[in-house]
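This document opens with one chain alone, in structure tokens, the form predicted alone.
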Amino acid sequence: MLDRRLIRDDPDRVIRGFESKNVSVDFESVVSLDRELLENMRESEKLKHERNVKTEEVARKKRAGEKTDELHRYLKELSQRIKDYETKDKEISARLEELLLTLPNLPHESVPIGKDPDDNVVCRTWGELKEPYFDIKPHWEIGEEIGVLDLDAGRKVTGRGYIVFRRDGALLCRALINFMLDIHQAQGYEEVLVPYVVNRNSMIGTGQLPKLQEDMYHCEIDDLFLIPTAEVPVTNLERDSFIPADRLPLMYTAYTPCFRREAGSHGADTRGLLRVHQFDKVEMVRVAYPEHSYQELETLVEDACEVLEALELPYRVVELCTGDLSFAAAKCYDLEVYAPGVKKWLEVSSCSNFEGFQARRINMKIKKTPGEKHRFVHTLNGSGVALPRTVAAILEHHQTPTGRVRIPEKLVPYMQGKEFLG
């Protein structure tokens, strides 16, 4: 949620931020309601002041033995008028809150201006893109040939976009999860195991609702949502809290399955593991001092890169332009691995700084010390990393001419010593 003081003091900056994100919002109604609320509160305060003055006058007249019937009638009228203003305050505040939840975060000043992914900036690359000397098969083809993927079974059990991993494919997923969690624990993250369903307040807190509700799986009976990412439950662990300064930065990592309807993905490439509705992911969440959050973002990116380098997967770090930023992000880097079978760069991680946007929605502040005011923390999260496209890249990049797939050396101990799939 945006800072109301910023909306009041510098509306032009807010409008420029929305324009750079290529979003259309009802900002005029927000400004109008906020102005109406302030005016209503001022009038209410005036009446409360007048009530205090008249109450003191009643006391003086009583002490002097004078009549106070007329003053009592006027005080009763004042109290009713104040009550009417307070009722109106609640109505305006509710409407304003509803609109504020629809406003996206503003891009950080360092984010490149652009309209779409074509304007994103490649910051750096790692690894060598070798020219293949044999025909590399796409992951869905090699995966089914060596018996680790069963796409037909996923469609039969549930539908399109659901995958069954078999034999060493299931082992590979389990190995990757444990491998990533071990790396992040060594980096200093606290591992947590969190619920896979969350309440509406949690989804609102991290920005999935109301904007992205159509992409979420919703259980209407209980009004609970399957999580689209571990970011939601992990960030909400600190909801409605005052965090002591000496605890910052907080660093959490968690494995969860993730569930996304992908309602807006019509026409997108959905073959194999490129776009699925249920997938596994290891997530990193950081809660930081505002002054340190952009340094924390760079560290978050490096922590995710360590995983990809250990898996021997060529990757690139891409800084998203303003028009490609998510609803809640102020700045974001995508990590993309190269998959030679489909000849594409595949996003396996997004590392984002939300600044105080989520913290305002979930009321997460730094515990003040004498002489200080309460301040909202900055929240960050990044995938470390998502499995489906990582598995796709492993099946393609580490494919051999003999039709087998080599297991990266550092992953072998997690694969019960197996060095190849197939």
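Each residue number is its position in the shown sequence, starting from 1. Keep in mind it's a predicted model, so treat the numbers as computed, not measured. Only the largest set of C-alpha atoms that superpose within 1.5 Å between the two forms is called the rigid core.
Separately, the form predicted in complex with the RNA exists; it is not shown, and the next lines address it.
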item	value
All of T55, H72 and K90 within 4.5 Å of the RNA in the model of the complex, heavy atom check	yes
Partner-facing stretch of 379 to 387, 23 to 31, 354 to 362, 47 to 55, counted where any non-hydrogen atom is within 4.5 angstroms of the RNA in the model of the complex	47 to 55
is_contact(K67, the RNA) in the model of the complex, heavy atom dist at most 4.5 Å	no
K367 within 4.5 Å of the RNA in the model of the complex, heavy atoms	yes
Contact label in the model of the complex: R124 to the RNA, heavy atom within 4.5 Å	no
4.5 angstroms heavy atom contact with the RNA in the model of the complex for K61	no
Contacts with the RNA in the model of the complex - residues in 278 to 308 whose heavy atoms fall within 4.5 Å	none
Yes/no, N363 Cα shift of 2 Å or more between the shown form and the other one with rigid core fixed	no
Per-residue C-alpha change between the shown form and the other one, V31, threshold 2 Å, rigid core fit	no
